[in-house]
Structure formats: C-alpha cells, structure tokens
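Take a look at this single chain, the form predicted on its own, given in structure tokens.
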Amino acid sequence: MGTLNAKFGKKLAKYGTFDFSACYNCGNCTAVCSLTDQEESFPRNMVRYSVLGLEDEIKSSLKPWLCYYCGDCSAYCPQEAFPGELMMSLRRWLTSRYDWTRLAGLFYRSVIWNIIAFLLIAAGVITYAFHVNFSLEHVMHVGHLFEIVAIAAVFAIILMPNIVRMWWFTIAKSGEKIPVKAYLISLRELFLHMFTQKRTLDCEKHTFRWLEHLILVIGYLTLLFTTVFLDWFSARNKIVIVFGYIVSGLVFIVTFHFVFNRIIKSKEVSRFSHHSDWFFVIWLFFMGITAFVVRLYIDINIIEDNLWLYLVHLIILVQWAVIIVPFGKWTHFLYRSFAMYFKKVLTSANQ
C-alpha cells in the first residue's frame, strides 16, 4: 500500500469533487454500475483510495477512465457522496498528473487562469491582424497554416509525451513484462473506442447519449479534415462546401443539446458542471456556429466587409487548439481511448 495522504481530499476538491468522505462503504455504487464486472469493480474502491489519499494507487489505475459517468452511482448513493462526480474529478486530477507541463492542473484548478489565457490569445490574434493591416487574405492564410501546425505541434509536443507518462504510471511502473505482440494485437481496441466510444452502450438506457457522442466525434474529426486538408474556407468545390455546412451544422446541433442539458440539469450526468465542462461545450458550440457563418458570408460575398467575424472564429479556434485540446476536457476522449487500449494490452499479456 502506498503512502496515506490525509490532505488529498482538499486537493481533489479543487478539481470539482464533493464530500466523498460521507461514504460509509455500503457498496450501492458498485452494485448499480452497469460497467462493473468480475475483472473491474468501481467506483467503490476509488472512493476508498480517495478517502485514504492513496495517490500512487489512483495514479497507477485505469479505473477512473473505464467509467463513462452515467450518473447511476450518484443517484443511488444513500449518503449523497456523489461517487460519479468523484470519478470525474479523479479524471481531471489524473490529467494534471499526466501533463508534463503542469498547465492542465493550473487550468483545472483556476477559472481565472483560463480567462487570462483566453484573453492573451485573443490579444495575440488581434495584434497579428493589426500587424498585417487587417488584410483578410493574410489573416485567413495564417489561420489555415495555424490549423495544420497546431495539430502537429500539440500532439507531438504535449499529448504524445503525456500518453507516454500515462503508460509509465499504469503499465511500466508495475514492472510487468509486456511482450510487443500484446501491444500490436490490441491496437484494434484503441481505434475502436477512439472512434465509437462503444463502451457507453454498456451503460443502461444511454443509447441516445452514445449516438450523440458518436455524431460529435465523427463530426469534429470530419470538420477538422474538411477545414485543414480540404481548406473549406477557400474551397470552390460545391461538394466540399455543402459537406462542410452539414458537418458544422451537426456539431452545432449536438453541442447545443449538451449545453441545454447542462443548463436545465435534467439528468444526473449534467447535475454538476465544472468550469472545464462549460468551456468545452461552449467553445465547441462557438466553433460550429462561427465556422458555419463564416462560410455563409464567403458564399454571399460579404466576408470582405466582415473581417471581424473571421477574427472571432480564429480566436475561438486558437483558444480551442492551445488551451482546451491539450489541457482541458477534450483530453478525456484521448486518455479514455488509451485506457481501454492499455487494459486490453494487460489482458492479452496475461492470457
């Protein structure tokens, strides 16, 4: 057993959790969880680890990522310890542990630092536009180059090293010898969960939620492909243009529904919202709507007189790429997919 840390609860509170110490270990949360089986049992053990402050055990575990937060465990908790929200908070905390820059932890703990970063990026984009005399051609050209460079840079410099750190904590430090074959034959699991999030279907009564996530993931990746590789904003091909309209429209509709659910709090899963949850859905919403309107302005030939609109879209895009993707909730999609992959690797190695 690792070192006990009685102050871990206070540390975790900064990541959004509630009074999980109210738990008296009844086991209701584990009993009602649709994803719990003989191999993986949670969230009860994660609650106990958190109460005891066993940071090393939590850091080496994949279980927080195996939870897809249907909310049933919190709904049936007799003590209102909200174990589902604890699992969400643990994912935020783990993200901060994986991140070698330590910026993820800073942004998760502080709304102010997020706002400062957003404002600095906005100022940077506007300053560049001023430097090129607000030339639409120059600004749009740099915006397109930024999309290409940002994708490569964020993944190569931040996300991939963080994935390696996740692997180190969850597999390498255990000392277990994993043959290369296990990593290769398990790759299917990585792409399966990355593109379908199919494990959500194992949560009872959440088929529609899975469908929304599927549409959002495919829509987001397709919009990324359309704007980066097909250069949607400069395209003259009607198929590309219509395709971009449809995809950005779908992203807008699904994201609007997510925002609406968080506002009305109609489900347990949206009962509580950390500021990172709001930043994620609101910026994704803005991405979809501004991309849609920018393309519309291009097609009706009024974008030249409305450079401000593209600047707003570019500011949102840069904020998304530089803050939310590498340090915000977007990373949960990536880490969860790799958690399923690492779990399969461990299973394959032990067969």
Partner chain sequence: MKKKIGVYICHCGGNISDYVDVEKVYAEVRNEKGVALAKITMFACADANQKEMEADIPEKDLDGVVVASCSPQLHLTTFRAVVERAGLNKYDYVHANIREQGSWAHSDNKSGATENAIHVVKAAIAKVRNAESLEPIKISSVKAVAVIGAGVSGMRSAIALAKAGCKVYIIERDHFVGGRVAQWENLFSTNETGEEIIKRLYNDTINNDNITLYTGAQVLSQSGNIGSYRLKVQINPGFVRNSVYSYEMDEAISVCPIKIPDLFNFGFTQRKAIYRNHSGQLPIMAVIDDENCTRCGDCEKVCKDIDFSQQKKEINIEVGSVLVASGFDTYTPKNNEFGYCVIDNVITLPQLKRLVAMSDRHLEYKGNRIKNIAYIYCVGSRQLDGENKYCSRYCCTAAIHTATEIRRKYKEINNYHFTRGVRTYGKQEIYYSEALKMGDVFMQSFDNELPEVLQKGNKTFVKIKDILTEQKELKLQADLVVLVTSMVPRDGISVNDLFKLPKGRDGFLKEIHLKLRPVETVIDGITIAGCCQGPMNLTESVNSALSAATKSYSYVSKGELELEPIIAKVDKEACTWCDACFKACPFDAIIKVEEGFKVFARVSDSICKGCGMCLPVCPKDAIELNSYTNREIEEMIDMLASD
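What you see is a predicted model, and the numbers here were worked out from it, not measured in a lab. Positions refer to the first chain, counted from 1.
There is also a form predicted in complex with its partner chain; it is not shown, and the following applies to it.
Heavy atoms of residue 44 reach within 4.5 Å of its partner chain in the model of the complex, making it an interface residue. Within 4.5 Å of some heavy atom of its partner chain in the model of the complex lies at least one heavy atom of residue 49. Heavy atoms of residue 5 reach within 4.5 Å of its partner chain in the model of the complex, making it an interface residue. Taking the partner from the other structure, its partner chain in the model of the complex has no heavy atom within 4.5 Å of any heavy atom of residue 55.
In summary, the region of this chain contacting its partner chain in the model of the complex, judged by heavy atoms within 4.5 Å and restricted to 308-316, 24-32, 295-303, 279-287, corresponds to 24-32. The contact residue chosen from 135, 174, 79, 266 relative to its partner chain in the model of the complex is 79, the criterion being a non-hydrogen atom within 4.5 angstroms.
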